Structure formats: structure tokens, C-alpha cells
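Only one chain is given next, in C-alpha cells, and it is the form predicted alone.
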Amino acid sequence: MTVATHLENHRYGHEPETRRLRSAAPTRGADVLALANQKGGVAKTTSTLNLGAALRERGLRVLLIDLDPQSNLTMSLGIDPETVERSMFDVLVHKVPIQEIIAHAEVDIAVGSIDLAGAELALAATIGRERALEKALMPVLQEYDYVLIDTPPSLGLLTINALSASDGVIVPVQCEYLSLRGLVQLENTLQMIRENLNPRVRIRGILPTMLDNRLVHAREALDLLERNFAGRVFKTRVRKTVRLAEAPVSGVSVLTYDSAGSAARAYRDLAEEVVNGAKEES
């Protein structure tokens, strides 16, 4: 079965769903958004950081959560994960208050570390293991407008924790044909999360990333994405640029590193869509 067939089955096998957006300041506090895609290399970390920076630039209070054992989000803000005393591993496994591991950088971040690689095993035998992150976030939800969670490139227990704690999911998708197939698997996982753990979570929007308009393949993949997930694809397109790779070396977002560049403009546009979409639903 081809990817196109998978997508068509998904499109017509489920009730059409428009992007559902929550208020920027819902009753329970922050709007919690997971950036998730089980495929690696789709700019999840890049998008988490730069969307967070763009929201922060608008005067909103933003907390980033590094839930990936690779800790690239932590490193991208100039923090060496090997030097942190405690991280999200300690929050999830040892119930350390999340306030104690938040670093105040360009954007506030609950830091990650390589220890997170053992979190799934450590949590496996615990009761309520899928809700560990949700419980940990409760004390800080009133202190922020947005919480953005960078997830691992898998649909394991850490990602399930992120989806269980979230109001919505932003899905970065590389504009390549094979990368689209994972959207169906992610939506199936979200359906199970809605049925068993978190009935409110939906795909907030799909973000095309690493787009190279010079390639016919990329344009065709984008067209396929828009046709099969109509109404859920953000208007923003994040194009390939060396600035996105250079910014983390300096420990800052691309909005600080190259404020007038195309990548910075793209993430400002994405922030506009996220905020205005939330206002439309409220």
C-alpha cells in the first residue's frame, strides 16, 4: 500500500477534523502544546525553541520542556546537559518539583539530560506512569501562557506523557514523501490517548519544515499533505536555511541570531497563527 493510499484511507476513514484551538489563557492556566513526530530530523527541537522565542517576543510567558534524552533543546539555549545537577528525569522519576530544574535563558526551559534515556524503564512499574508529566506541570501552569514540549523521535512513554499533558499537538513534518506516512500512525496514537488518557488533545496544526521549493519532490509532498490534511496544515512554511543550523551553536534562537532573516519571519508567522487561532476558538 502506498503512502498516498494510507493518507487517503486516513482522510476518508475518519470524521473530518478542523484545527481546534484553545484560548491562550485557558481556565487551567497555560496552553500546553507538544511538538511531536516519531520521525527524527523533522525540526521538532528547532521549532520548539523558535516558536517559544517568537511567543516570548510577543510578551507572552513561555516555558519549554526538554523531554528528549538527546537534550538538543537544552544545548540550543547554551546549557550543557552534562553539567546540570537535576533535569526532567528527576522531575518524572524522583518527583522533584519542576520549578527546581527550570533555567532562565532566552526562554525559560525545564532542562533535559541523557538520564531521560532511562526514564521509561524507571517509570514502567509505577502507577499512573502516563500522567507523570501532567502532574509535574500543575504547579506552574498559572505562571505561563504557553508550555511547549519537545518530544523524543518515538511514540514511547515519554511522548505519551507529553500527549497526556497537552491541550494540542503541533506536528513538524519534513516535506518529503516518506515522512508523511508517520502522520497516520501519530493520529492513531492520539486517538488512543483521547480514549484512555486525555480526551481534549488534538492536532493543533501540521507545520511543513525543511522545505526546498527548488525540488519537485518537496512541492509534490507539500501538495499531498495539504490535500489529505486540509484545514490542519499551518500556512507557515519553514524553508531550509543555514541560519537555523548556526543559531544553536551560539546558544540562541534564530530570532536573536538572525532577526531579519526568513527563518525568524517564519516562526513569527507561526506564533501569529497559534495565538490568533487560540483567540478564534475562545
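These numbers come from a predicted model, not from an experiment. Quick note: we count residues from 1 along the sequence shown, nothing fancier.
There is another form of the same protein, the form predicted together with a small molecule; it is not shown, and what comes next is about it.
- Picking from 44 to 52, 250 to 258, 57 to 65, 219 to 227 the stretch near the small molecule in the predicted bound form, with a 4.5 Å limit on heavy atoms, gives 44 to 52.
- Annotation: in the predicted bound form, residues Gly168, Arg204 and Asn276 none come within 4.5 Å of the small molecule through any heavy atom.
- Contact check for Gly182: every heavy atom lies farther than 4.5 Å from the small molecule in the predicted bound form.
- Residue contact with the small molecule in the predicted bound form: Gln70 places a heavy atom within 4.5 Å of it.
- Residue contact with the small molecule in the predicted bound form: Pro81 places no heavy atom within 4.5 Å of it.
- Using a 4.5 angstroms threshold between heavy atoms, Ile98 stays clear of the small molecule in the predicted bound form.
- In summary, among the residues Leu190, Met210, Leu77, Leu123, the only one with a non-hydrogen atom within 4.5 Å of the small molecule in the predicted bound form is Met210.
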